[in-house]
Every structure is written in C-alpha cells, then in structure tokens.
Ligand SMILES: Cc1ncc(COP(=O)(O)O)c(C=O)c1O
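Here we start with a single chain on its own, the form predicted alone, put down as structure tokens.
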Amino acid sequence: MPPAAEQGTGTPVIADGISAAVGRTPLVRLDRLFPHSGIEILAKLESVNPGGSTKDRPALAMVRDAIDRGRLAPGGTVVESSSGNLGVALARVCTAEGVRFVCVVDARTNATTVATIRALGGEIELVTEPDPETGDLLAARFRRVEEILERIPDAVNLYQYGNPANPRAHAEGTMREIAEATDHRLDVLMAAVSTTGTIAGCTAYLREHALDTGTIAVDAEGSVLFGGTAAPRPLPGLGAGVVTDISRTVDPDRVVRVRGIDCVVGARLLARREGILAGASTGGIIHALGTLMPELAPGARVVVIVHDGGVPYLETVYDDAWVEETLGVDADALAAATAALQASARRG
C-alpha cells in the first residue's frame, strides 16, 4: 500500500493516487467551543479525508483486504449497505480499483450523499420500506443486499458491520495518529457509533498500548447498540437497528445517547464557534461533551472524532424549517437548548 501523503506543516508531497491521501488527518485544539470549561478539547478532523468522512479508512482497508484475499478483482462487483458515508468512500475506492459498486441505501440518506455516490460511479438501490419482520430499515437494507448478491454473479459483500478490516483501519490509523500526536497522553476519547468500527479499533489500540484513556460511545436514542431500545431515528449515520457483530467485540467505558435535536444543537454550535461544519453524528458528540463537562477533571484532555463534514446536512441539520417540521423544534426552542448546553459546559 502506498504511504499516505503528509498533511500539515513541512514540505508538501505528491500522493500516489487519491487513496494515498486517506488518513493523517489534522488534530486541532478547540478553544472557542466551550471557552470556560477548563477542559482541553482536541478534534480529529476525519472530515478532511478525500471522501469527506472517517469511512474512507475502512472502505480502503476492506476493498484492499478483499483484493489481497482473492475475493475481489478488477471488473468485479461490491454490494454494500450504507447510510451514506461508507457509500461515498466505497464509490471512490471502487472506481480507483476498476470495480463496480452497488450501494443499498434507505430513505433517510441525504440526497446530496446519494448524488455524490452516483457522481463517483456508484449505483444506488433505494430501500423505502422497513423490514416486515423487524420494522427496521437497516434490516431491510441487509435483505436487499442478499437479493442483489443472488442476481449478480461473483458479487462481494464487504459487510462493514462485521469485517475485521473495519476496526483494524482505525486501530492502525485513526487511534495511532491521535496517540502519537498527543504523546500518548489522553484522558477521554469520544466517538459516535453505527457499525462501531471506529470505537472498536480505537479501543483495541488503547488496550494494546496499555493507555489509561476512557472511551465514550455516543449513540442515538432508538439505537439497539449496547443495550439500547429500538425506536425511530430521524438522522442517518448514528446508531443501528440491529446489534452489529463488531459491537459485540467492544465494551466502551460509557455510552451516552442523544436525540436528533441534540445533534442539531451540537453541530450548529461547533460551526458557529469553531468554523467547523460537521455532520449530525459529530453534533451528537459535541452535545454529549457539553453535558459531561461537570464530571470531567479540570485540565482533562478530550479528543472528539469529527466523523464527517456538514455539507450533506445543509438541508436537514442546518435548516430551520426541516428541524421544526421533522423534530418539532422551533427557533426559540433551539436557542434555549443551545443556551442550556453552554450553561452546562460552563459549570464544568
């Protein structure tokens, strides 16, 4: 595998193809987000990966693993279920590798994300109805994947929800980069969960290197991960309607569940305070961090994962009309929720 291009200061390098630009994302200090908290907040900007999200790492790792194992070859086909970001990442990787890509999405997937997958050469299979047995859209996507695999000879499902290459990409990449940038001095790591690949890989690195770092999984209300109760989830990319295989391999120190409006408040606050336009799951992390401030020791160093960028969410998370119509929260209530989060952080 060609080395990733160096980012940040120093002599610019020429990357050997777009896939070599995956990883080595910046770790930046957030001084304006919660300025009176007494906590050092660092953000791992996975949103600057070529595909705009942390999913670039496992997408590249899973495709190359399938090629190395002889499961996939140029001219072959990958069929994968995705809420959006992995679909974008796989569309890019498969195009670069000369592989056909079919992405199974559901009705919650952002229109911009669907258009991006198509622009990168991917094909879209849209699931509009929940699985009749479970009532879950993710289960319905799984069912559609199986149907497509039967139709297309030699098609491969990478199965991001259980593929070991998924968390391994984060152990060898995301967490290693964070640890090296902080001289292995880190009190808390916060990551959103869906497949749970990010937090599983990061936890594996922390345990292997005996780091005394607390892990906090930020999950959606309505997700069944880590003992949650199933319920409708208005935003894609956070939580899951089934217990993923990878989630069974990891035990976060703490799980914090957030509502859709919490994700909106956190994402907008990050954008207005730090100039970082992030997606819904990152907004959930920021909200969870604000509420946890009173429990953190003064001077604690916390790293939050910025899982993806906010452009695909401009018509949802960042749109007042959508927030009021979908989440039932008007501008006044949104302002009050933002003020409450800031007050909670100040008490820390």
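Keep in mind that what you see is a predicted model, and the values were worked out from it rather than measured. All residue numbers are counted from 1 along the displayed sequence.
The protein also exists as the form predicted in complex with this ligand; that form is not presented, and the subsequent description refers to it.
You can rule out all but one of 54 to 62, 287 to 295, 25 to 33, 315 to 323: in the model of the complex, only 54 to 62 has residues with a heavy atom within 4.5 Å of this ligand. Residue contact check for Gly87: none of its heavy atoms lie within 4.5 Å of this ligand in the model of the complex. Shown alone here, Ser82 lies farther than 4.5 Å from this ligand in the model of the complex, counting heavy atoms only. For the chain shown alone, His307 is a contact residue for this ligand in the model of the complex, at least one non-hydrogen atom being within 4.5 angstroms. Using a 4.5 Å cutoff between non-hydrogen atoms, Val193 counts as a contact of this ligand in the model of the complex. Shown here without this ligand, the chain has only Gly237 in 237 to 254 lying with a heavy atom within 4.5 Å of that partner in the model of the complex.
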